[in-house]
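Two forms, one chain: they're shown below as structure tokens, one block per form, named structure 1 and structure 2.
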Structure 1
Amino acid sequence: MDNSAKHLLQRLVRRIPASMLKSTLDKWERLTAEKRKSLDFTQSKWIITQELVALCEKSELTVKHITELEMIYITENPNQGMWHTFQLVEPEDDAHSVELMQFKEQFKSHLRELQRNVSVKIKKHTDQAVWIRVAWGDGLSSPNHLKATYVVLYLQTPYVFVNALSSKHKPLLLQALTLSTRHQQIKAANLSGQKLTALRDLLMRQYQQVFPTKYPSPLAESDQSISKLRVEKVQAEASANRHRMAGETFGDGMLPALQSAVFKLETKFKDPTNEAMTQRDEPFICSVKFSSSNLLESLRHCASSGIASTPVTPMLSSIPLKGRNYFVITDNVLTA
């Protein structure tokens, strides 16, 4: 095992939490059960790393094997780093018939044509996702395995999720993806976040959605005075109405844990009480970022509690409906 492989292994072990180390190594299958048993996972991580490096050396493992271990870890724990979404458009006639083997071959050959010294690993995950790991080198240097790009796509769907892609390599990767999936173009889908699963669920509509129906009234009959009853009834109706409309926009059950949404606003300032600003020609430039541990749940609660007026504005409902969390708003788009 050379130094770069050792270094890669050390860095990787440092990233993997101690509690997951054993199960991740078990799935790797590059070390015999006997060798794995010899590791004492109660020791400090530093010592485990030393022992692991020695074991891998004995088993004559190479960089290639270590990258397999990395892929296992990343595939099982995808919710880290920043994932950006791209969308494939204008499919060729045979786009629907692209299958995994063909894609693998095509992708590798296209990418290698564009860039020498790339190392590509493609693996199909249990949930139909195709995972691609690309380590980039340039004309002379060998691939840098410490900064690998990860790509996740589902064949026959238009969305591609990408992690850790430099702007230098972006056009190369996108071109290889477009060609090998038999599409004519690929564009940024304006959706990004740390949680890959949330982005995927949002785009693939893998969450419980609600279609407009009337909710049953939550108010039980009681024998209070008529006026009080009426007030309560009106309030309850308003509240039920808000809940229904919040549900119609954001669904009823668990929502994908999207963490933020950004709006760049370049719109006119309109306020009947402020003549000077309303008459101004230039747009009022500002940006608004919403963030939460689960943005869609927060927004649903905003609507159902009345902090956000119902029906929910298209600006906010676009997040789940269009599956986007980055928007540039100008007056033309707003009226369209």
Structure 2
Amino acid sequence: MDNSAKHLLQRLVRRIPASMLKSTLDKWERLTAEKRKSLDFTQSKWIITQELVALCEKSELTVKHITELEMIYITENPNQGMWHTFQLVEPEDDAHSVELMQFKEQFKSHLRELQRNVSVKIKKHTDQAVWIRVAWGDGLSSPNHLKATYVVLYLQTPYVFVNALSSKHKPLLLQALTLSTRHQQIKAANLSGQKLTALRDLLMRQYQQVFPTKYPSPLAESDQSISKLRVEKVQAEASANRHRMAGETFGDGMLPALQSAVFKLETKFKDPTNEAMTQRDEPFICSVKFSSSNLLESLRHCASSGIASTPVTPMLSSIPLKGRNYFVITDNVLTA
């Protein structure tokens, strides 16, 4: 093992939780069962790391083998780092027929034409996702495996998920993806977060949705006198109506754990009691950010409990509808 392989292995072992280290190494299978059994996982992480480096040196493992271990850990634990989404548009006639082997060959070929000294590893996961690991170099230096970019896409779908991509390498990666998937363009999907599974479920509608049987509307006023109605019945009907509207907007069951949404507002200030602000010629500009461990679940609860009014405002209902968490609102028109 050279120094770069040692450094990569040491950093990776420190990154993997101690409770997951043994199972991750078992899936790797680059070390024999006997060598894996020789490791005492009750010891400190520092000692385990030193022993593991020594075993890998005896087995003459290289950077290529260590990157395999990293991919195993990342694919099994994707909800880390910051993931950004892109959408492929304008597919060519044969875009739907692109297969994995064809994609692998063309992606590597296109990327290496654009960038010298680049290391690419592609693996198909059990959920049919294609995982790509790209370590970038340049004309004078070898690929930097300590700062690899990860890409996840599902062939025959337009969505691409990218982690740890620098602005310098962004146009190169996007061009290679566009060409190898037989599309004309690729654009930002305006959706990002730390939980890859949540972004995927939201964009691909892989969560339990509720479809309205009629257009959401406020409860109609009863022609009967309120005094003749039981208060409990009115409250029950109002609660059921709120739950129906919340379900129609955000779906039912478990929701994708989106963590934040940002709205950039650019509109006129309307307040008859504040003439100074109302008469301003310049638009009123501000940003509003919603944050939660599960934003969609929080918004659904606000609507169903009556904290937020129903029908749900288009500003909030646009998050699951458009599958984005960044919006620009100009003159009360929602854009993204």
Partner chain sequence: PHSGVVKRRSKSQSYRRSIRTCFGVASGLGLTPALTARRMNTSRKAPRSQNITEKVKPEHLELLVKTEWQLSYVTPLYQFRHTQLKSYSRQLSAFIAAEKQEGLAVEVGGLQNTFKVSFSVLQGLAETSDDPETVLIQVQSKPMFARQEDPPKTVWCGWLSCINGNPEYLQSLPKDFTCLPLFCSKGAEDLSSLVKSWLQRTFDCCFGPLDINQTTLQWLAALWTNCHMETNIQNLKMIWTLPVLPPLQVTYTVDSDDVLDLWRSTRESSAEKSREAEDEVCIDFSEVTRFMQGLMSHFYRHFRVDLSAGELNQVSSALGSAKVNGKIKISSSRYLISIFSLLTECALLKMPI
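Everything quoted here is computed from the prediction, not taken from an experiment. Here the rigid core means the biggest group of C-alpha atoms that line up within 1.5 Å when the two forms are laid on top of each other. For residue numbers, the reference is structure 1: its sequence is counted from 1.
Shown as structure 2 is the form predicted alone, with the alternative form given as structure 1. Comparing the forms between structure 1 and structure 2 on their rigid core, the Cα displacement of E51 stays under 2 Å. In the core-superposed comparison between structure 1 and structure 2, D26 has its Cα shifted by less than 2 Å. Core superposition gives D271 a CA displacement of 2.9 Å between structure 1 and structure 2.
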